[in-house]
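In the block that follows, a single chain appears as structure tokens, in the form predicted alone.
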């Protein structure tokens, strides 16, 4: 019996398509995240708490840290930084807050995704505590003040004098576990 060359071609194309899908959606994201964490590319900051620096302040230098908030277009939130800018000394720990409000009439879960610009500064910007580490549950129309404790590493290149920390806030679409609709 002869095999049909068209079926053989279709089989090869389907196999190739499945391999490309697996590579693009299963293999690449973890590799991309590892490379971004190591190099600070794409403005990614640490995704887990780090320890506070001890005695590493660079008193002769200040950096301007700008705080920006973005709301995902499909989310019913109010989200803003408590302050727009801070003058910080590298190596010293600072605290500020972002304020988020669920504007919908139902309980919701929000999550913040951080980004740092310039991207080369991301590996020098460290968060000790951040609301972005965990999802945030809100009751209907509830407002939260969410802390951010951070420091800029003393070995930040001198060519960088302003760092912009931007958070995009979005509704995860998950059901809240610990709050009820009002």
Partner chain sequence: MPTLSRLSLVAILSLIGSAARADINMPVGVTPISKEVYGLHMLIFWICCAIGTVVFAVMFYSIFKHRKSKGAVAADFHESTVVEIIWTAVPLVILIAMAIPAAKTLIAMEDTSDAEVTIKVTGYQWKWHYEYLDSGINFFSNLDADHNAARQVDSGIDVSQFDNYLKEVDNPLVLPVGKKVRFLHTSADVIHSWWVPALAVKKDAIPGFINENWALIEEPGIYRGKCTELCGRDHGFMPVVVRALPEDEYNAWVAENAPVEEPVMTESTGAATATAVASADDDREWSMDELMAAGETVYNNQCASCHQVGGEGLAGAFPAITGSAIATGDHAAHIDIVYAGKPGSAMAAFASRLSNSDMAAVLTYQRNALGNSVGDTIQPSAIKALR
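Computed from a predicted model, the values in this text were never measured in an experiment. Numbering follows the first chain given and starts at 1.
From this point on, the text means the form predicted together with the partner chain, which you will not see here.
- A residue is said to contact a partner when one of its heavy atoms sits within 4.5 Å of a partner heavy atom; residue 76 meets this definition for the partner chain in the predicted complex.
- Shown alone here, residue 61 lies farther than 4.5 Å from the partner chain in the predicted complex, counting heavy atoms only.
- Heavy atoms of residue 101 reach within 4.5 Å of the partner chain in the predicted complex, making it an interface residue.
- Among residues of the shown chain, residue 107 is not one whose heavy atoms approach the partner chain to within 4.5 Å in the predicted complex.
- Scanning 99-131 for heavy atoms within 4.5 Å of the partner chain in the predicted complex gives 101, 103, 104, 113, 114, 115, 116, 117, 118 in sequence order.
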